[in-house]
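Before any questions on how it binds or moves, here is one chain, the form predicted on its own, in structure tokens.
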């Protein structure tokens, strides 16, 4: 018999386990994969953007449509508390551009190691390769979990079951993003099995696939090319603006991503596949169209003997000129002096409104987080306990909580894990 069973050894589950251990509880941490923290170790491209140092009010503007739900979690454990918490565990952190906090080593692995080391040094029972198949509920109260082995079929008898019992169960098993790390939606199914409403789930903070944008037509030097200070707008077929961001983008072999594309993907997640959406890129957002037209005319006149492509080097790097060439039938090899008004206007339009139809996102396999999950209406924000099942608590990505890129999602995971594990949160 345990005091607390935690399902999932990711960011929120590890912090929950540490808090429960510090409260002198007997803790069982159940992890489906051979190791804990697999997703945590690859987050932020292996660097782990732990949190963001923005003040609470501004921080919450990056936290989805229900930021009020997070007030109790953040009031108990916010960014400054998190940094102190990690430093007490022996992890040095640094603040970088955009108020983003990273481990000083630059290695996400070190964040995980600092958390797991505490648990291993303080007698937390960790059982891996174990999948929770059912929540054991009696008289509207959770009393334990049913498990089965999970892993290599040749070495594990998957038909055997084992039950573990506790007065408190914390569901910290993540959403559906990066399913190869173990977050394949199991926790959402468990919550649903005991009556919880699940808000529809979608991949979020993920690259976007564009029509006719693939390795066959993309200039090789454009692949992984980062373009800074770009304006990006998403419109529907009626021309209505759905999302608008300014910042950096990265062209990939078969899709586009980068910070503002990830943010946009979160805003349009529920519309993908339901209506036609178009991404418009402003490659020269600092210059108004009329002013840019005047400058373009001036350059074309001054460089009359040079090719149009050569003249455009005054405005764009070669990688982006090739992308523009792909979008038009204009002969960029002819002298600039031979360009007509219609061609010039088309080039101007491509500089200010380079448009692509959005086909889809890159899916859960590549998504940073899951949009949707356990309905917040059925969870007490002050304790994170279920309003339907006594003793059942939620934290992290299994909840219908998601935020912008920049350290916000991990802070949500850590803060909700901290609150869910508090002793006073029972009942």
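Numbering follows the first chain given and starts at 1. Worth saying up front: this structure is predicted, and the values here are computed from it rather than measured.
Beyond what is shown, the protein has a form predicted together with a small molecule; the following relates to that form.
Though the small molecule is absent from this view, in the predicted complex it lies within 4.5 Å of a heavy atom of just one residue from 265, 130, 336, 79, which is 130. For the candidate set 33, 54, 362, 376, a heavy atom within 4.5 Å of the small molecule in the predicted complex is found for exactly one residue, namely 33.
Screening 44-52, 64-72, 354-362, 382-390 for residues having heavy atoms within 4.5 Å of the small molecule in the predicted complex returns a single hit, 44-52. Contact check for residue 39: a heavy atom falls within 4.5 Å of the small molecule in the predicted complex. Contact annotation: residue 182 falls within 4.5 Å of the small molecule in the predicted complex, judged by heavy atom distances.
Among residues of the shown chain, residue 178 is one whose heavy atoms approach the small molecule to within 4.5 Å in the predicted complex. When the small molecule is considered in the predicted complex, residue 18 lies well away from it, no heavy atom lying within 4.5 Å.
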